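Structure 1 and structure 2 below are two forms of the same protein chain, each written out on its own as structure tokens.
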Structure 1
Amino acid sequence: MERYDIIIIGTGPAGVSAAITATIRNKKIMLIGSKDLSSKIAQGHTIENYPGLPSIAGADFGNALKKHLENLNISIHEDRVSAVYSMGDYFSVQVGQDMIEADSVILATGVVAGKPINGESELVGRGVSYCATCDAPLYRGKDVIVIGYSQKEEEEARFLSEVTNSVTYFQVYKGETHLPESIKIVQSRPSEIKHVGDKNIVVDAEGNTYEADGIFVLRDAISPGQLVPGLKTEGAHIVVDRNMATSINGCFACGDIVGLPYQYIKSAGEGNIAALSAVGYIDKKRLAK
């Protein structure tokens, strides 16, 4: 299997910055995220505090980052990482349905807004999934619930409706949906996920219950503790030192996910540090062999 030097997860300013530095330092990287980079860049109306780019619109800032990646021939692998496993000497990263290996991992996944739904964390792998592409085959001909936190999750719901018996879609955002009539839309925020008897998961939302064989919770980011088993976290954040090293050897983190203040320039700066630390970690490991 092909092995990367560094897998960088997240395409906000932190991940993009890490990818730029790691590439300049000649490392073989895989940058995983979205071709649109980050919804938080697109939403930025006018950014007044990024040095060298005064009063820049979020969209223009995004285009400048994309251009910088292009100039260095860095491509974005558009997918979602659903798990990162430390194997001791290397990492095994689940990307869609594939497992990809790397010597080091940089987590730049942005902060997860809000808490997980009650019961969600306990039922991961026992009916709760974060990846339609990976787990849809498990629910062929069965009933599923999709909890979509942004409009782009509608594509996942459409895909699931082609594979499963039925899809109930919780729309946890404002605006219109563009879903086929076969998908039942519920416009409320689920309060709890639980297992009842041998059948199924039940979602309580505003007093109603909905049953299904599985639940897909689809949001921009999953909590870091769920993404990387064994990772030390504090609230919504990953614990890091000044080198952006996490509690797991070879795993670094940067940007909003490591704590306040939530700012573009802080994220970009930390992405740079995380990349340099990952480069140092890899070089030291190879010298010792």
Structure 2
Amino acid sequence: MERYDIIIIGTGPAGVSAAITATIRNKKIMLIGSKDLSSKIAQGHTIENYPGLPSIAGADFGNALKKHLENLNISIHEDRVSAVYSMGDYFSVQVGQDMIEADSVILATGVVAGKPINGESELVGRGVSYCATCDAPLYRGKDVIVIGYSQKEEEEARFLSEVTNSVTYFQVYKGETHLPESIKIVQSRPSEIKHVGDKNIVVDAEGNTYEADGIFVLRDAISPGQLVPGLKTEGAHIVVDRNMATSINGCFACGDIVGLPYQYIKSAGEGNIAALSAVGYIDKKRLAK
């Protein structure tokens, strides 16, 4: 299996900065996130406090970041990251349908909007999954529920409908759906996920209940505590020290995900520190061998 020096998750200013610094320090990296970078950047009107780029529009700032990545031949992988596992002296990261290994991981995912559904966190791995393409074989011939937070999740619902006995799709966004007639569409917001007996789990939504063998919660980002088992968090933020080191050895975090202020300049600086810390961690580990 191919192993990277550093896997960087997130393509906002923090993740891009980390990728640039790690590449300059000759590390083999994988940068995972949206090729459009952060949606906050694209929607930004004018950035006033970024040194050297006075009064730059958000879209222009995003284009400058993309250009910098292109100049260093840094590509962006858009597959969903479902889990990050610490394996002791390396990490195993679930990227799409693949498990990718790395000596170090940098989390730069930004702040995850919204709270988990009641019962969701407690049932992860016990009926709740975040990756349809990864866990679909577990539910072959069974009944599943998909909770989709954006239209792009419909693709995974269609895939599940080809493998499972039935799919009930909760549309937690506005607009039309483009799903086969075999998929039952529910336009209600789920309020709770819970177990019923030893097998089925249930979704409560606006006074109605829906049973299934498994539930797939598909949203753009997963809260850090769910993404990385054992990671120390405070609310929506990851706890780090001044070197951007988390509670897990070899795992670093930067940007909005580690706390206020939510500013591009702060995120970019922390991305630089996280990359330098990851480089130092890797080099020290290799010298010790």
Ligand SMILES: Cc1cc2nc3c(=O)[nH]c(=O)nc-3n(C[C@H](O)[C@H](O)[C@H](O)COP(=O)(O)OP(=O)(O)OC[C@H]3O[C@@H](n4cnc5c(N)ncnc54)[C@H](O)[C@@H]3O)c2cc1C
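In this text, rigid core is short for the largest set of C-alphas that superpose within 1.5 Å between two forms. The shown structure was predicted, so the numbers you read here are calculated from the model rather than taken from an experiment. Sequence positions of structure 1, starting at 1, serve as the residue numbers.
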**Asked** Pick one: is 1 or 2 the form predicted alone?
**Response** 2
**Message:** Quick check on Y85: with the core superposed, does its CA move 2 angstroms or more between structure 1 and structure 2?
**Reply:** no
**Message:** My question is whether I106 is one of the residues whose C-alpha shifts by 2 Å or more between structure 1 and structure 2, given a fit on the rigid core.
**Reply:** no
**Complete:** Core-superposed C-alpha displacement of S191 between structure 1 and structure 2, in angstrom, equals 3.0
